[in-house]
Each structure stands twice: as structure tokens, then as C-alpha cells.
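Okay, so here's just one chain, in C-alpha cells, the form predicted alone.
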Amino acid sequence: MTMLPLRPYLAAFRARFQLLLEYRVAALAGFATQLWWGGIRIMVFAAFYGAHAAAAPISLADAITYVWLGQALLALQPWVADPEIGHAIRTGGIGYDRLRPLDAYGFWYARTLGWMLARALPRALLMVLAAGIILPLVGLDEWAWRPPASVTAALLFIPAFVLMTALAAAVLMLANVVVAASLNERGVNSILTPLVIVLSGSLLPLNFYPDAWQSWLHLQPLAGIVDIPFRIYFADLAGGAAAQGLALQAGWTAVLIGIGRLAMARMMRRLEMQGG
């Protein structure tokens, strides 16, 4: 299979990725904010473990690593639609996308991936430096971001990270389609943000929720964006459980991409361009 058919999509990804990397001050500001909130969340966890350590489903060290991972990869979480899509809808720029001899879903998906990764990777590298290297050096080892639990966990985290990114982009594409259909991103963002924060495990690891909710929480698609890959990282999910987690991420990614493609095709058929 030649790479030639993928070149326009890779070019769209690269162009968006390189453009977003230019916003270095925004990356530094985002990193500083996420570092601050990460410290606050860890202090909350430390207070909880100090009073109820026996009731906690994971160790404090794993909870701290969970927090740092979440703060490092916060920009990968699909809680707001791509703002460029909303801008294209309002200005009529979406008409150019209709004229391109490309698969519209694939083109938007590639651009969305570039947007997400360009925002997340610089902040993640800074977070590794701050929480994984500097904190131990200054004597705060118990608050540090720990490496993967084992070589196996590290190797399993690679496909888990790829799938969490693909799944997050699939969720975001659904939001983008809603924005294009409703002509405004505020409505979908107001619904998507709390759903992603709570159901992905970003606010709290899903194991902390009531036992009666566990089966549903671990099967719903947003678990694959945070909870599953992070628990693979510190080997709370290992062996067959890790394989099930990866399969769940891949399955939901395929399902949401399929739904997104159908929804986008329907939206594009009804799209009306006005003005000139």
C-alpha cells in the first residue's frame, strides 16, 4: 500500500501541528496552570489517604502518578470542540473544505489530531521535567511522577496512548460535527466538558466511584481516554485486564469514528452556504 493517498492528510496534520507549536507562551502558561492544579489535587489526595487509606482502591503513589499523567496530557482530553471548525462555520470557510478532493472526515480528523498533540506534547515534556525529575531532586520524591511500573507496563502504555489519542479525536470529531450542524460551539462545549471530566476519570479515578457504578463506568467510551491507559501505566491493569482495556479502547474508537463519519456525511449533505 502506497503512502501517496495519505499525503494530504499527513500534510494537514503537520501544518496544524507546526502552527500550534509556535504558541510557546500559551504552552508555558498551560503548563504552569496544570502544575499548580496538579499540586492542589495531590494535596487533596494526601489528605484523603491520611484519613482513609484503607478505603482507597489504589495506593497514594499510584494516585499521585495518575494526577501527574492527567495534568501532562490534559490537552488531549476532548472537552471542547476544535475552535477552528466553529470559526470556519461562522466565516463560511467550511466551503473550502467542501471543494477539496479529499475525504472531509479524514481531513478534519487529521487536523484535529494535529491540534490536540501540538497542545499536549510540549506541556507533557515540561511536566515530566518538573514532576518526574525536579521534584525528586529537591527532596519531594513522595510527590513525584513515577515511571511505568514495569517494562511490560511501559510497552503496553504505548498502544494505550495511541488509542487514547485516536479515541479522544473521534469524540472531538462528533463535537465538531455538532458545531457545524448547530453553527455554534458553546452548546456542545457546555455539555461535553463536564461529561469528559467526570466519565473519563480526569476528576477522580473511576475506581473511587461507588461499586454499583463500576461495571458501567469501565465499559463506557470515555474510560478509554484517561482511566484505562493510566491504570495500564502503573500496572493496575495488567495481563488479560490490560488486553481487555486496549480492546475496549480500539472498539469504541472504531464505533465512534463510524458514527462520526455517518453524522458528518449527513451534515455535509444538508450544508447551505450563504453570502458571497
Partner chain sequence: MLILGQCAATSIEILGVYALFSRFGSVGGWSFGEAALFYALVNITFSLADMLTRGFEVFGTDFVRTGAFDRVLLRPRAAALQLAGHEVRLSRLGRLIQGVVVLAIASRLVPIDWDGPAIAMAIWAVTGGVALFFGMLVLQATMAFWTVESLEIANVLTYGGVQAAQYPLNIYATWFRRLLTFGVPLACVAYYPVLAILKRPDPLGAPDWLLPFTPLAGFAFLALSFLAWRAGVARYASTGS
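Since this is a predicted model, take the numbers as computed values, not measurements. Positions refer to the first chain, counted from 1.
Note that the form predicted in complex with the partner chain isn't included here; everything after this is about it.
Colleague: Could you tell me which one of Val162, Val80, Val198, Leu121 places a heavy atom within 4.5 Å of the partner chain in the model of the complex?
Modeller: Selected option: Val198.
Colleague: Only one of Val44, Ala61, Ala243, Ala250 gets a heavy atom within 4.5 Å of the partner chain in the model of the complex. Which one?
Modeller: Flagged contact: Val44.
Colleague: Find out whether any non-hydrogen atom of Gly30 is located within 4.5 angstroms of the partner chain in the model of the complex, and reply yes or no.
Modeller: Flag for Gly30 set to yes.
Colleague: Is there a non-hydrogen atom of Gly187 within 4.5 angstroms of a non-hydrogen atom of the partner chain in the model of the complex?
Modeller: Gly187: contacts the partner chain in the model of the complex.
Colleague: At 4.5 Å between heavy atoms, is Ala56 in contact with the partner chain in the model of the complex?
Modeller: Yes, Ala56 sits close enough to the partner chain in the model of the complex that at least one of its heavy atoms falls within 4.5 Å.
Colleague: Would Gly95 count as touching the partner chain in the model of the complex under a 4.5 Å heavy atom rule?
Modeller: Looking in the model of the complex, residue contacts with the partner chain do not include Gly95, since no heavy atom lies within 4.5 Å.
Colleague: Which single stretch, out of 109 to 117, 188 to 196, 168 to 176, 147 to 155, brings residue heavy atoms within 4.5 Å of the partner chain in the model of the complex?
Modeller: Only one stretch passes the 4.5 Å heavy-atom test: 188 to 196.
Colleague: Heavy atom within 4.5 Å of the partner chain in the model of the complex: which residues of 197 to 235 meet that condition, in order?
Modeller: Those in contact are Ile197, Val198, Leu203, Leu204, Asn207, Phe208, Tyr209, Pro210, Asp211, Trp213, Gln214.
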